[in-house]
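Next up is one chain by itself, shown in structure tokens, the form predicted alone.
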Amino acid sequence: MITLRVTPAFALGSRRSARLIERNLYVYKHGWMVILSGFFEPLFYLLGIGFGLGALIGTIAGPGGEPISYQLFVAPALLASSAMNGAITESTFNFFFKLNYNKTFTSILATPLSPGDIALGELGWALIRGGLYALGFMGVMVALGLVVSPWVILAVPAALLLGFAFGAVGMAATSFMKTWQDFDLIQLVVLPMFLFSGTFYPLDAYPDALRVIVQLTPLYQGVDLIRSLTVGAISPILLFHVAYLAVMGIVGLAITSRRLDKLLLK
């Protein structure tokens, strides 16, 4: 039943949902600094921790077991975090405001767009924001000499996949929220994932039981995928990461479409 409800948005609404992306571009035409500001946080982490603390650490075991510089270990994880943060910000706080306060989506329903189109359009805009962060951070990695494998060209598409997963689930979770205080729950999930998903130190630092939990988190899937591509450590496990994030995104989008159906057409 979920599939039936979300399919029209993919099959018929992609062109209509693009109008919603166009609308968001006009809204941010004079507020581009709001989007740009989100790029600097991971950059400061890279400079402060990657290069500052990294000077004391030296090398660390990479995805394939080979030693790599600490800067090269941290940079792909921060690239993944950039994509996640961009998608999460747009699909939670901004989505909540449009849904419950500005009544943007209620007005949009007066046009040919459906709730499925709205879900797909908003997710597309969240992906654009996350993708801009990922592209900007990739440019920084190139400038700092942190590109060592041609496979790194797939790191940005991988970051977009990560943004798709978090953006879709973020919208689905936000559709159940009633007040701004509920967003504390989002931070309660996102912040520990950022700190403990292999972002700053390898899995070997964890006890065995905790290591399994970390490996099951969605951000770890993205971090390990992008880090492996960055250093050229290609293995079958990367296919599992891709499938995990793709399924997460599709399920989140399906739930969002059903929730918007209920909230906007009641």
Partner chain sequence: MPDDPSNPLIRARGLTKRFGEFTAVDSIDFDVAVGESFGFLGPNGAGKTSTMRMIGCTSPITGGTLEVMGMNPAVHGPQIRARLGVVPQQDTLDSELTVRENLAIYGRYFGLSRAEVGRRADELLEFAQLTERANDQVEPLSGGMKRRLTIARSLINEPTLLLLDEPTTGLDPQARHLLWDRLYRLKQRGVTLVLTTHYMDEAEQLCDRLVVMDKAKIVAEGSPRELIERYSTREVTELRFAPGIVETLDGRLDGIAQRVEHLPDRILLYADDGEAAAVAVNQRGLKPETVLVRRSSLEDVFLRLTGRSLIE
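Residue numbers count along the first chain shown, from 1. All values reported here derive from a predicted model rather than from experimental measurement.
The form predicted in complex with the partner chain is left out here; the points below concern that form.
A single residue from the set V212, A61, L47, V27 has any heavy atom within 4.5 angstroms of the partner chain in the predicted complex; that residue is V27. A single residue from the set G145, P112, P157, P150 has any heavy atom within 4.5 angstroms of the partner chain in the predicted complex; that residue is P112.
With the partner omitted here, the stretch from 192-200, 80-88, 173-181, 101-109 that lies within 4.5 Å of the partner chain by heavy atoms in the predicted complex is 101-109. Mapping the unseen interface onto this chain, R16 counts among the residues with a heavy atom inside 4.5 Å of the partner chain in the predicted complex.
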